[in-house]
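A single chain, nothing else alongside it, follows as structure tokens in the form predicted on its own.
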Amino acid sequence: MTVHMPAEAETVATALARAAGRHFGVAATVEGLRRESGGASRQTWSFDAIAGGSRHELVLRRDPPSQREASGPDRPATALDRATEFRVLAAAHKAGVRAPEVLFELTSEDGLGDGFVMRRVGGIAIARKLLRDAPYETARGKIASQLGEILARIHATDPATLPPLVTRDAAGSVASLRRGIDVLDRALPVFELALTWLDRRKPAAPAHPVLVHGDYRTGNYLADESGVTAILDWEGAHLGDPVEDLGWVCVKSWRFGAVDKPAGGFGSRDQLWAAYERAGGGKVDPARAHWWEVFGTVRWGIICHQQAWRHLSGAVKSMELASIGRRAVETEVDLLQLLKETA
């Protein structure tokens, strides 16, 4: 019996075979093509390319076909395009970061839009499995420290090897969140309180901005029974304060229920910071890390509101977006607790 692919998958398979053949220098075929779950803002397709008698396990990351038409306050103007993300990943991988090895970019002739292909890395990104399932019991004791070690390597990436990236400091980041609230045009008193707190306590900009991942958290890396295998989703990369990443990974929402383990649900802040420092990262100032954790909580809460806006405005009717929007209330509680700790 012949099994037919859906029209989109057939189009993607044909184009990938052509692109892979161009990269490997011999005719290629595509097997096992499947669309991975998740990736609301970017599409991820897993496939094997057979070229010259060799099998290459690969992943396509591309903008969805409707990306150019999407609009709304949740579309960050600073998100990297695929060409820039490709070059950031290439530099990070060369610097020894546990990141996928990128191979080639798509061209306009491929007809798939902007995207690139990288080698597939083993592991899963599903937080509930990593935090609870038996096969990952040993890994759970390692991940917090591994996240610190990998982050030190990211921040040590030579800026000269990177494509042009925007530089963000604390002041600019707070101003960006305020603009996000203004676009929503609704009263958000807890977030206004937190933004005022952040504005009055802004840390000075670092003398030497470093590569910041920008979305370093549980859910954006792969892990197997040995721990973290690869850091994913680099579209938020920029130059800035290294402590921004350390604060974001500790936001309570990224603990997925393991609230007593701030480092992504797997360990303490001290474990994360100590591993970061041992691996060559700078000395972590707890007050600065707390500031960025508060910032990250505000940031996620505003994103939740923005996702809800997409649904409520009619731009995209989605129960997933609506349910994410309801999580903004959780971040309000988290913020009040964080501000109470400071007081």
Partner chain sequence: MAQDRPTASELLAAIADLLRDEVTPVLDKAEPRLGFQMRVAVNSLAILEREARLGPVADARERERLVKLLGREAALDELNRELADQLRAGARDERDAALMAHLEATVADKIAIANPKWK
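Computed from a predicted model, the values in this text were never measured in an experiment. Numbering follows the first chain given and starts at 1.
The same protein also exists as the form predicted together with its partner chain; that form is not shown, yet it is the one meant from here on.
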query	finding
Contacting member of R120, R153, R168, R178, with respect to its partner chain in the model of the complex [4.5 Å, heavy atom]	R178
Contact flag, E10 vs its partner chain in the model of the complex, heavy atom cut 4.5 Å	no
Proximity of E101 to its partner chain in the model of the complex, heavy atoms at 4.5 Å	no
S253: touches its partner chain in the model of the complex, heavy atom cutoff 4.5 angstroms	yes
Partner proximity in the model of the complex: A187 to its partner chain, non-hydrogen atom cutoff 4.5 Å	yes
Non-hydrogen atom within 4.5 angstroms of its partner chain in the model of the complex for each of E192, E330 and L336	yes
Its partner chain in the model of the complex: contacting segment from 192-200, 238-246, 206-214, 225-233, heavy atom within 4.5 Å	192-200
Residues in 306-325 with any heavy atom within 4.5 Å of its partner chain in the model of the complex	M319, E320, S323
